[in-house]
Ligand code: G3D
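The chain below stands alone and is given in structure tokens; this is the form predicted on its own.
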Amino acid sequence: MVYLFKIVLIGDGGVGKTTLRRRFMGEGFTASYLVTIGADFAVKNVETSDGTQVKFQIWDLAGQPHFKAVREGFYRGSRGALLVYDVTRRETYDHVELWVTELLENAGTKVPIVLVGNKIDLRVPGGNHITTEEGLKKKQIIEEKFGVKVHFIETSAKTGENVNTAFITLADLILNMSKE
């Protein structure tokens, strides 16, 4: 049996959502930035940590504020979300709770979230980046404020670090939620 799950990639523009999706799909890294217009779509079969077969419909939603009205329809039927912020841009971290609100208002139900601190390859010693501890704190805030299951992970779409793990973790969260 193969489970089919619609998931959304959400977060501010330029945080690396499309690059994460492309890396997960086995495509190469590109440093150029092209704005996603509305949404982009991909499908991939994966195997979870316990061997369960899952087919993801991945909806990569545009992060710019002027696409908010367009995004709303794409949330319907979502079973989970990867909520991405850029560890080098504090405002993207500060907007995380706004994204959770938008997700829950439009998905029609509470869905599990993998909170992704992306671009860890750009952290430099002494830099003004969002720390792992801050990411874990934001995870806890989201769980308490919104009553949803959240897993926190840090990734680098450039190097591929933890990219597959982020998606597999989301599949595990969705499967576990459906068994409850």
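The numbering used is simple: start at 1 and walk along the sequence shown. The structure displayed is predicted, hence computed values, not measured ones.
Below: the form predicted in complex with the ligand, not depicted.
Out of the stretches listed (124-132, 138-146, 45-53, 111-119), which one is close to the ligand in the predicted bound form, meaning heavy atoms within 4.5 Å? Stretch with heavy atoms near the partner: 111-119.
Can any non-hydrogen atom of Ala166 be found within 4.5 angstroms of the ligand in the predicted bound form? Result no; Ala166 lies far from the ligand in the predicted bound form.
Asp172: heavy atom within 4.5 Å of the ligand in the predicted bound form? Asp172: no, not in contact with the ligand in the predicted bound form.
Within 4-18, the residues that have a heavy atom no more than 4.5 Å from the ligand in the predicted bound form: Residues within 4.5 Å: Asp12, Gly13, Gly14, Val15, Gly16, Lys17, Thr18.
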